[in-house]
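Quick heads-up: it's one chain on its own, the form predicted alone, in structure tokens.
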């Protein structure tokens, strides 16, 4: 057909696009700057131990995506039970909160304070719910808000709760308040049931999410597709009418169609010649929340039964702890040891990010002991793993940035953006995969608007193997990013 695709990024979106293109008969070349495929969903290995960067549950409402998982992994795709709880003041609390459980573990005095605070919020609610803090206080009281919501939210996003829009809370914590929790605990939820905030089980590869992308890469290469590792993009050559080639790893790759999953900011900076001034200026409108994991191997087993736990202790910086053996025993691979992932949310270049690896490992060991979940002298090994640009941030500027970028893309119709960082959209893995599939089909003449995936199912073609109902379900399972109360331009971490 004379078509050839060049795909930037071998993460979920890029690899799925290459897979779809192969099935459609279009050759492709994948350019990946790292030495390993998988992007943000890769599995890192250290001395036989496997680390999942963030914990990737395989759960989707789109049957096509689930079919790809099964076709690629076969019986290596496990069904796993989910258990995740809140850890606060040396106690585990059910998530979502169960009022009786929470009040009992808080103790008589603190429970009384919480109930008094809740009653006060009901009698004297804050009239203006413009921010997350007032929204939560009105539903749980100030005491429970400060115990179970404030610390963790601010650890993750680096934004004070009184600066996060209440609109985010209304979507992110749908139908959740103290009265609803009490009714749910008493079995008085009616036909509709309680808030659907959790699933009881999920799919997971034996050796972590990276196993899926490595298998997919092997299948693509066996079929003749090219996957070039350690090929960072140096330039994207374009002219009015389209991109002509990509320079990566010192070589030039020409094609008829181009797909990009690289961060929008980096994409703009790589364009050659430089785009118009207003597009160049848009590069500074995109901000990111970064992430690092300190993997610790401890002598002994059964530290806690959860897949992961949320750390609400305000005196430590760790936000979440993964217990990889409870995701899959093969992640650990050895008996009588436990492999934990101490997760920290930060900004690239800040104090945590810049700390030497050995100091980070020691810091994580001390925090684990401080909260009482393990002894520092039980740690056998440890590694620090940094993940830049893990979470696209929705601040006061990003929408204007996307508007300018989308206007520019009209001049280069053979360039499509997809995936989490490619579209500056905080999404789940299934959404990135779906944008990859639809982008591939666009090369063959379909006219899917990737920016409307989730938001509008009406554009689906007749006879498509993705239903409107599935897209609606996809929308309901995607995570949301908090926005600031003020719409005035502001950069996080400034």
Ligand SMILES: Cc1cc2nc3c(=O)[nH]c(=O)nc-3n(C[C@H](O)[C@H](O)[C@H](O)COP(=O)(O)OP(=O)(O)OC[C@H]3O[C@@H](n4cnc5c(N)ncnc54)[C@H](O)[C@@H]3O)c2cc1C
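Positions refer to the first chain, counted from 1. Since this is a predicted model, take the numbers as computed values, not measurements.
Keep in mind the form predicted together with the named molecule is missing from the figure; the text below concerns it.
S.K.: Can you pick the stretch from 215-223, 388-396, 119-127, 71-79 whose heavy atoms fall within 4.5 Å of the named molecule in the model of the complex?
M.R.: Of the stretches listed, the one contacting the partner is 388-396.
S.K.: If we define contact as a non-hydrogen atom of the residue within 4.5 angstroms of the partner, is residue 442 a contact of the named molecule in the model of the complex?
M.R.: Because no heavy atom of residue 442 falls inside 4.5 Å of the named molecule in the model of the complex, the answer is no.
S.K.: Even though the partner isn't displayed, in the model of the complex is residue 29 close enough to the named molecule, meaning a heavy atom within 4.5 Å?
M.R.: Although the named molecule is absent here, residue 29 would stay clear of it in the model of the complex, with no heavy atoms inside 4.5 Å.
S.K.: With the partner left out here, check for me: in the model of the complex, does some heavy atom of residue 319 sit within 4.5 Å of the named molecule?
M.R.: Taking the distances in the model of the complex, the answer for residue 319 is no, it never comes within 4.5 Å of the named molecule.
S.K.: So, in the model of the complex, is residue 262 in contact with the named molecule at a 4.5 angstroms heavy atom limit?
M.R.: Residue-level check for residue 262: yes, a contact with the named molecule.
S.K.: Which one of 65, 453, 53, 438 is close to the named molecule in the model of the complex, taking close to mean a heavy atom within 4.5 Å?
M.R.: In short, 53.
S.K.: Give me the residue from 368, 268, 164, 233 that has a heavy atom within 4.5 Å of the named molecule in the model of the complex.
M.R.: Of the listed residues, the single hit is 233.
S.K.: May I ask you to list the residues of 24-43 that have any heavy atom within 4.5 angstroms of the named molecule in the model of the complex, in sequence order?
M.R.: Going through 24-43 in order - heavy atoms within 4.5 Å of the named molecule in the model of the complex - the hits are 31, 32, 33, 34, 38, 39, 40, 41.
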